[in-house]
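Before any questions on how it binds or moves, here is one chain, the form predicted alone, in structure tokens.
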């Protein structure tokens, strides 16, 4: 799909559909649509009245031109209340538009953001958000379907003021890179466990390294053992598919900062000996979503080349029941020397992350971020669409939360406190891998991870258990993997590159 900026008059655009927007507060169309309305003998106003179109979000007014214009349709898209509108409103609109265009078999369209009065963001920012929504909303994981939807959008022109055309093209390019990187993460996360094994995940990392010139190290089980990653290795013992520890590095010439990103990489989680019930084991292919986000972020930075050194680390494995599996009450020593008593083998992701966080702490980066589908408790606390954010540095947490508001990847801070720390004290080791209470489970998971991070390094833990995968779809996320939070973390890296 080609997406580019344009600055021509709406009535002169050679396209299949001209698309504009309307808020609920608008009493009339903007001047450019009124011009088209006159050329169509009042058809737009007439249909608006007949269909009682008032600008509700996601609603459409579709007006055929009957060859009176160079376009076949004029389409007005509702944006809802102006006072609530932001960049994500436009991102969502991009997804609505692309679906409607496919429904109408329109393969070329022009979308007007020049007349979007009432949103404080610049036209080029709106153009980027719209691009992200279009590319994300157009995504489908249909690789294994024998019958596919063949409708495709060939060309999208985004109309802006002439003075903003060049910068809009730049921002459209960034938006496309970010959205395609998120779709790349979605593709990997949507693949089933019989396709994406730890070895396959490592191969994808190697392919990225080859394409973009990253450094890459892949450690097998013998090397993992030599590194002292016994917590991670214990989780992997029960699987016929051996673990792979992945370390990608992007190094610009004169980096301003060094950041490590860690993704939970359970290519499948049965629960181990504390096996999950069948309903809870479904969709456990998504337990690698944090790892997939790391790979998506690396695809984006390979294209955008920020001036920040980035380490991407994934402790990839499966958690399966077997005679070699680790057991409840086992005591394991992690890479940093902390001993862990196993309360439940289904709290496995934090064991793999314990060694991964210990590993990146030894690299002494300026900051660490981990992303993990860690706890069902986070879904109970915040719902299916919001990630829980925790960490040891409030400034760093706030920075991520501020960016997430702009990207539409919803996050909310959960508080650490000493009373919950008491609940991970183990009877026979330094720390227990589950809490002694059923309450505050997401925070307890974060407090466990805190034990494996150098306290001098700013660290943020993002529990993506809710928004990483969904079965019904919402906004620009079709059913399946979402690629959350690729755009937020990539934008954070881009911001650090500017400092």
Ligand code: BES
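Positions refer to the first chain, counted from 1. Computed from a prediction, not measured in an experiment: that's the story for all the values here.
As for the form predicted together with this ligand, it is not shown, yet the points below apply to it.
A.B. asks: Mind checking whether each of 92, 126 and 132 has a heavy atom within 4.5 Å of this ligand in the predicted complex?
C.D. replies: None of them does, since no heavy atom lies within 4.5 Å of the partner.
A.B. asks: Consider the chain as shown here, without its partner, and state which of 328, 376, 302, 252 has a heavy atom within 4.5 Å of this ligand in the predicted complex.
C.D. replies: Answer to the contact question: 376.
A.B. asks: What is the one choice in 409, 269, 370, 355 with a heavy atom within 4.5 Å of this ligand in the predicted complex?
C.D. replies: None of the other options qualify; the answer is 269.
A.B. asks: So in the predicted complex, does residue 33 come within 4.5 Å of this ligand, heavy atom to heavy atom?
C.D. replies: No, residue 33 sits far enough from this ligand in the predicted complex that none of its heavy atoms falls within 4.5 Å.
A.B. asks: Wondering, does residue 344 line up within 4.5 Å of this ligand in the predicted complex on heavy atoms?
C.D. replies: Answer yes; at least one heavy atom of residue 344 falls within 4.5 Å of this ligand in the predicted complex.
A.B. asks: Residue 186 near this ligand in the predicted complex, any heavy atom under 4.5 Å?
C.D. replies: Residue 186 lies outside the contact set for this ligand.
A.B. asks: Going by a heavy atom distance of 4.5 Å, is residue 465 a contact of this ligand in the predicted complex?
C.D. replies: Flag for residue 465 set to yes.
A.B. asks: Where, among 224-232, 204-212, 347-355, 393-401, do residues come within 4.5 Å of this ligand in the predicted complex by heavy atom distance?
C.D. replies: Within 4.5 Å of the partner lies stretch 347-355.
A.B. asks: Between 243-265 and this ligand in the predicted complex, list the residues on our side with a heavy atom within 4.5 Å.
C.D. replies: Result: 264 alone.
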